[in-house]
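A single chain comes next, written as structure tokens; it is the form predicted on its own.
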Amino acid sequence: MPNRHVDAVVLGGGTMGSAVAWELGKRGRSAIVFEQFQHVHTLGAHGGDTRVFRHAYAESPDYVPLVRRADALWVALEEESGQRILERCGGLELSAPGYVHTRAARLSADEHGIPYEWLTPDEGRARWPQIAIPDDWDVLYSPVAGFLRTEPALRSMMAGATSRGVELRQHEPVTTWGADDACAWVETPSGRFTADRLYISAGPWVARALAQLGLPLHVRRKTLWWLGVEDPGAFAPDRFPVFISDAGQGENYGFPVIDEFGLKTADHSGGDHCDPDTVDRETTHAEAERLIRAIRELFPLVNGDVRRSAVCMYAMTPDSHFIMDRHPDHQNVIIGGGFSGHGFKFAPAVGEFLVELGENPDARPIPILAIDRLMAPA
């Protein structure tokens, strides 16, 4: 087919590609999103139904303005779509002695005026008797935290894009791409497409899409687990918050019970390096043994019965911070990648930020997310 030119091409239609598409649609741009699978799938980084949403950001205070903007955009997306996406059930940050996550979250909250309560373990156990918080742990509660429903979020962003004229091409992988001063281009099995700007948001495949840069990225295989509980009502969203538990057993996190599968939990730390095309998508009970022990110690009503499991992937940078920047050699190519397992909550703000980088020459990356920190010296 002959070349087709649009304002923007988006390489990858997963979490961040959907967010970029929504922003492009709101700006009235002609755009095409190329997704190698179907739009919502379980083969990348967004599987597993839910993601934690939190503002007191232990990873760095620099993320707080971005998550605040994401909060406003998630609310706007709910209003636009009529879908329930963000559930504010509150969030607990818990840390054993010698572990810093909770105190780092408190520093971010203090710096940016995020509401929180610093509780004693006794106060925490009184409020949530289903949680056996040890006497010497740090406890922070954030009332504005909660969780996001991933499938309604993704479908709503893409629906908002396509209703404004953005084209989604599913099951159409980009086989190669390039750029010069005049335009960017991609090739797919159906032809060659040129655009004023190219947005690369390829999830676990981002290192492959950016192979010529030699970035120090890798992909981790991660497992998710749903465990049975003795009293599901005690873990309902109106009685139980999302949580992060930082201790010797890992950096475990989890969610209220929202379906018949029980309490969803996982360990944010660790994970085997993998190839996204050949990753082992089967789980074994042995993989969950340490996590189940830790969760049962903290939540005595969890019975350890595995009701469901899943595999997803993290695209990791060495410092676990994102890449949100222009390509170092092509100013008309914008990269969103390396989200290191904590990017979903930011998605609509990431989409907005990346499009602004593409369209506003004066826009600058957030320093800790700039690509030059990962580039080898010339």
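A residue's number is simply how far along the shown sequence it sits, counting from 1. Note that the coordinates shown come from a computational prediction; the quantities given were computed from them, not determined experimentally.
Below, we turn to the form predicted together with a small molecule, even though it does not appear here.
Three-residue candidate spot H55, Y63 and P365; no residue lies within 4.5 angstroms of the small molecule in the predicted bound form by any non-hydrogen atom. Checking R29, R51, R326, H321 for any heavy atom within 4.5 Å of the small molecule in the predicted bound form turns up a single hit: R51.
Heavy atoms within 4.5 Å of the small molecule in the predicted bound form belong, among the stretches 351-359, 7-15, 20-28, 366-374, to residues of 7-15. Interface residue remark: A202 is counted as part of the site for the small molecule in the predicted bound form, having a heavy atom within 4.5 Å.
Within 4.5 Å of some heavy atom of the small molecule in the predicted bound form lies at least one heavy atom of L224. Using a 4.5 angstroms threshold between heavy atoms, Q36 counts as touching the small molecule in the predicted bound form.
Residue contact check for H342: one or more of its heavy atoms lie within 4.5 Å of the small molecule in the predicted bound form.
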